[in-house]
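Given as structure tokens, the chain that follows is alone and in the form predicted on its own.
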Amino acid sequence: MTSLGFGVLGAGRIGRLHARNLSGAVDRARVVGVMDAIPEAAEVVAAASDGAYATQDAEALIKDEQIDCVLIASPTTLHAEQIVLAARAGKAIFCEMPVAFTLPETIEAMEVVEETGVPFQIGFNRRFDPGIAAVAEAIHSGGLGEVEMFRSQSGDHSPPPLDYVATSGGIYLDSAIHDIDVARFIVGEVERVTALGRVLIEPGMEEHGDVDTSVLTLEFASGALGIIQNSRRTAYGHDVRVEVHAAAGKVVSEEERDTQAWTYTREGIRGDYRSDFLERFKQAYIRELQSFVDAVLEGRKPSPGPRDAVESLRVAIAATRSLHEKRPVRLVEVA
């Protein structure tokens, strides 16, 4: 096999992005079919994907013999069911995060993946961002010694619509889980979390039991400490930063600016910021799919895999519990 045929489940914003990347930016990959409950959405994405077909039938697409891999970009409530169908059909699986909103449902789906032995990758794209990947490499190489402190800061340009908030699972499962995965990826497993959250931006968050401003503290199994700061409003643009302090120094990724050339005048210094996460992580989205394709074709296990899907969700659920119960929560409490 020299290339992989993909079936894309979900033709929304992230599904469109992945289909576009598979059709031109990712080597040894092609889109065969696109499924969406809205026929017009599937047809638009399929038409832009080099002759792929459109369908409303997820099961038929999964079982299509032309399809080697299933890319799941559907609503989160459908992920686990579609993972199980794809695994039992013997398809390699790339799934947007999270697998599910509950730990038991996630574990059950991942057990089917393990039992069938199909390649599986969860869509924690930040691991593939060049800056964050460089931070991880600097720490994993051992040159800076043992990690003592970790800090991640993430800010969205503006709050999401409230109808999205209602079904998002909350700030920790929807947004901060990316920071959590980066923390686990760079430093290691988390033992205890403490969440402090406020509604400072969008009052409507309160009716959904959610917050728009959060500070999350992490206590790692290694003894290191971590802080994750999340805001649903950074008015100047999408802002993501990672900083890791170790025994012999620190390493930082701060690639929030889009400007390659700065303008200096009497009025001051001007530059532009990236407006949203799709632009900020443009390269990461391509690199994560290329990593998946390469792993499948070369017979290696893709990463991040099933364990990362489970354990990052466990931390996010612990953080949500900490927020609502106003106390630190140990990870062993979350089952």
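Heads up: residue numbers just count along the shown sequence, starting at 1. The structure displayed is predicted, hence computed values, not measured ones.
This next part talks about the form predicted together with a further copy of the same chain, which is not shown.
With the partner left out here, a further copy of the same chain still marks one of 293-301, 53-61, 66-74, 24-32 in the predicted complex; by a 4.5 Å heavy atom cut-off that stretch is 24-32. For Asp272, a non-hydrogen atom is located within 4.5 Å of a further copy of the same chain in the predicted complex, even though that partner is not displayed.
At the 4.5 Å threshold, heavy atoms of Ser231 reach a further copy of the same chain in the predicted complex. Within 4.5 Å of some heavy atom of a further copy of the same chain in the predicted complex lies at least one heavy atom of Leu225. The shortest heavy atom separation between Arg151 and a further copy of the same chain in the predicted complex is within 4.5 Å. Proximity to a further copy of the same chain in the predicted complex, defined as a heavy atom within 4.5 Å, singles out one entry of Asn125, Ser175, Gln82, Thr213, which is Thr213.
Residues from 128-144 that approach a further copy of the same chain in the predicted complex with a non-hydrogen atom closer than or equal to 4.5 Å are Pro130, Gly131, Ala134, Val135, Leu144, in the order they occur in the chain.
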